[in-house]
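Have a look below at one chain only, the form predicted alone, in structure tokens format.
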């Protein structure tokens, strides 16, 4: 296993790169859209990243902001306004000039309520219109109706559209353009001949001629094709397949350390759920939730389910998120004695190998998770064994994903759920839809009219406060407190943070696996094939 920790100097490495050739890897589904403003799925996000030009880019390795189409920017009016200085003399892939009018056009389209843009939702801090003022062809100011937390970072997701090109979103400012698509089969991206970046030697990027994306849902087949040399990378790979690859060829297995992905379970605290009142009382109890958290052996899950490529999770933010992670938090320790002691405070008693509540009810409930996810099914079985040790009978129910989502968002016919969350955005304001008590993804009890508990009200206050603050130190302090409340109250039992695992062919140059999507091709304009590979492509 090769762990990459060093920062990569693109300018030095690019001098050794070869120009041309075709990179091949797989998408796990068809893209839902080619409109970059409507992206809400992984495949469409891949296309947007490889083709879309943005004003500001988050460097996936350093997690720092870097200028792209904008050479500089300034936030003002307490976070309500951002002014951009743009690069001059750039063109879209079809030759249409790029100006500030295109930025204004993109922002108006993005914030149009009729479009229902998922990307635009991130900017909606308050009702009202977004105003754009074009001061010159290379200068523009955008003003929002209220402060937007982490405003500049949000532009990493905004691909600029042409206001004049007849090709509309097919005219791009990124390194590649879509030239071929066969639904269910493949997607081809060709080099953008007018891409603005050059390498240290003055050669126009990207190095690759094209990227061929095969649409392949079966991960076993994807790994087989990778080991045969038919594809050059697997952007994310499951731990079990990764461990298999390590044994076969460790040089191709890349572990970049903790990712932004976590696995957790929670209990249904919705008062309208069709559950017995005594179960609802269990799930509303902090002692009950913390007791079960103490009863779960996270280290065993990391070792057995993830083959050591995971670590016990401390809370909602992964240590991969370097700035926002609250380093003072520690994962809940595996301590069955502490679990029983907490339960006894609520009147539970452990007798003859079974746990009963104060009224004599046996503690038994079901845990739902999505079928076909072998890691979660294995994890659920291990949790079942851990809880049996303190007298709890856990029943495991696997459901197809659509049925599972229906239960946790509509019917609430479930007791506990095991799922995973991925934070694509580093900024905590992107998690408003989870932490606000009124939010749809406040999973344990969504859409509350008023906060059900004082601690949920406090999280609401802190989340609004950090979103309204301009000073990052103040925002960090507020969100640290949110993480501390979540750890203490345990509405989610955070189990593990998975490592960022990928597979990279030795034929590919300049790859720097990172923890943030897209992990292996975030610097796609600098990726290059080895000379021998190019010679075979030419034949």
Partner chain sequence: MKRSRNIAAGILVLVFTVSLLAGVIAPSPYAAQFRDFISAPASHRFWLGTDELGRDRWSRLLYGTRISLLLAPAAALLSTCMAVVIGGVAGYAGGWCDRVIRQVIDLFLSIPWLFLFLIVRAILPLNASPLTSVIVTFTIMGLVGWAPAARIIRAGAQSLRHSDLVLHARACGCRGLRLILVHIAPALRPVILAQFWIAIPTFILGEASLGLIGLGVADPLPSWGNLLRELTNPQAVTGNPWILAPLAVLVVVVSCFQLLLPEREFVS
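Residue numbers count along the first chain shown, from 1. What you see is a predicted model; the values in this text were computed from it and never measured.
There is also a form predicted in complex with the partner chain; it is not shown, and the following applies to it.
Of the candidates 197, 244, 74, 77, 244 is the one whose heavy atoms come within 4.5 Å of the partner chain in the predicted bound form; the others do not. When you look in the predicted bound form, the only residue of 160, 187, 82, 368 with a non-hydrogen atom within 4.5 Å of the partner chain is 368. Not displayed here, the partner chain is approached by residue 414 to within 4.5 Å at the level of heavy atoms in the predicted bound form. Taking the partner from the other structure, the partner chain in the predicted bound form has no heavy atom within 4.5 Å of any heavy atom of residue 441. Of the heavy atoms in residue 108, none are within 4.5 Å of the partner chain in the predicted bound form. At a distance threshold of 4.5 angstroms between non-hydrogen atoms, residue 141 is out of contact with the partner chain in the predicted bound form.
With the partner chain omitted here, the record of contacts in the predicted bound form names 390 to 398 of 461 to 469, 179 to 187, 390 to 398, 199 to 207, defined by a heavy atom within 4.5 Å. Candidate site formed by 269, 277 and 356: none of these residues places a non-hydrogen atom within 4.5 angstroms of the partner chain in the predicted bound form. With contact defined as any non-hydrogen atom lying within 4.5 angstroms of the partner chain in the predicted bound form, the contacting residues in 288 to 307 are 297, 300, 303, 304, 307, given in sequence order.
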